[in-house]
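Here you get one chain, nothing else, as structure tokens; it is the form predicted on its own.
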């Protein structure tokens, strides 16, 4: 009877537990990323490299609010269908606005920051911003609703030298050389060249933006589809072919410039060519190799936001990933808020999306979850105080060190180190305590060596070098 009663009691408890579990969906909300500890270590390393490159080039850190007034975000191109709008709350300082919303990029918050601090800033103003943005768009593979963006911008007051456009390209090159994920190159064009060329073909002004967007899709949809879409837009077939032929001009940077000089494209076209020449001349002066920066007339950056130089960065052999860092020059940053002309140039890395793609493509394979270099373990809890003392000593040597303090068998402790990818275990037992030594185990090779406490630092360095 007791067994039957216990069985029934277990079934009741099990059923109640299952019932309770069914009430909760613990999967991540669609479009919101979650990285493992090993992946997060890669992300943090990237953030450190990116921040370091930005600061070495003179960019200042700016932290803007995650929340801005909804009407301000809408004033600078926010799509209300993609913005996360918060429930209206009454503010102590202002009750006249419609509500608040979460930032969808770092550019609008930058415009607002400049407007708020216009008289305090030294121009040209170089800033970087790293942090999450949120967009309520349809989530899909590699495209998130919450993602980190890493931006730099150079803002001028009234005018901004084209040399800044070259400096931005240099930052891109420095970044990806330091991140060391493979060969890459930066494709550079100027929107004035394309706009001037389209105008010279008598493309209607109202259609130029649409033509630009179609050209921008060339790599995604192919030449045949681009021709088809241009004709659908109302561009004559012969002109559509001429546009396609123009975007396919290839060769060295010098050869492409020579071809451009032979084309009569009008005043804006000529201005764009001269601007781009100035940028490439500055890149040459800074000894940027030509295999890193390539003139590419198919780069349009479909947004009307860009008005001059545009950039896209491609990882060689993984062109299907698309651009891994993009940006360009724009004429108006915050005029709508300040009434002043504030031209700028900048780039952005969608860090979350990029890392997700690199992990999926096995371009980056996170090696270990833990930053710990040395794990201190004992054969018995009796020697824990000795182990804690040794742990403090090794941390003082500058090694990332962790003490395993649970009462587990030696095999379980080694398993813990293996699961976290900890490269070295320092083992203490009765014999070691008596002799004043420790065992150093290389977890990769399996080799184990006994050393005195005086030899400990050298022994660890030999393995961790």
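Numbering follows the first chain given and starts at 1. Predicted model, so just to flag it, every value in this text is computed and none were measured.
Not on display, but discussed next: the form predicted in complex with another copy of the chain.
Check your understanding: Is every one of 121, 163 and 404 within 4.5 Å of another copy of the chain in the predicted complex, counting heavy atoms?
Key -> All of them do, each having a heavy atom within 4.5 Å of the partner.
Point to revise | Touches another copy of the chain in the predicted complex: residue 436 (any heavy atom, 4.5 Å) | key: No, residue 436 sits far enough from another copy of the chain in the predicted complex that none of its heavy atoms falls within 4.5 Å.
Review point. Counting only non-hydrogen atoms and a 4.5 angstroms cut-off, does residue 71 reach another copy of the chain in the predicted complex?
Key: Close contact exists here: in the predicted complex, residue 71 approaches another copy of the chain to within 4.5 Å, heavy atoms only.
Exercise for review: State yes or no: in the predicted complex, is some non-hydrogen atom of residue 195 no more than 4.5 angstroms from a non-hydrogen atom of another copy of the chain?
Suggested key: No - in the predicted complex, heavy atoms of residue 195 and another copy of the chain never come within 4.5 Å of each other.
Check your understanding: Should residue 366 be classed as touching another copy of the chain in the predicted complex when contacts are defined as heavy atoms within 4.5 Å?
Key -> Contact with another copy of the chain, no.
Review point. Residues in which of 240 to 248, 320 to 328, 71 to 79, 201 to 209 have heavy atoms within 4.5 Å of another copy of the chain in the predicted complex?
Key: Selected range: 71 to 79.
Check your understanding: Tell me, which of 305, 337, 185, 257 has a heavy atom within 4.5 angstroms of another copy of the chain in the predicted complex?
Key -> Checking each option against another copy of the chain in the predicted complex, the one that comes within 4.5 Å is 337.
Exercise for review: Pull the contact list for 352 to 389: residues with a heavy atom within 4.5 Å of another copy of the chain in the predicted complex, in sequence order.
Suggested key: Residues within 4.5 Å: 369, 370, 371, 372, 384, 385, 388, 389.
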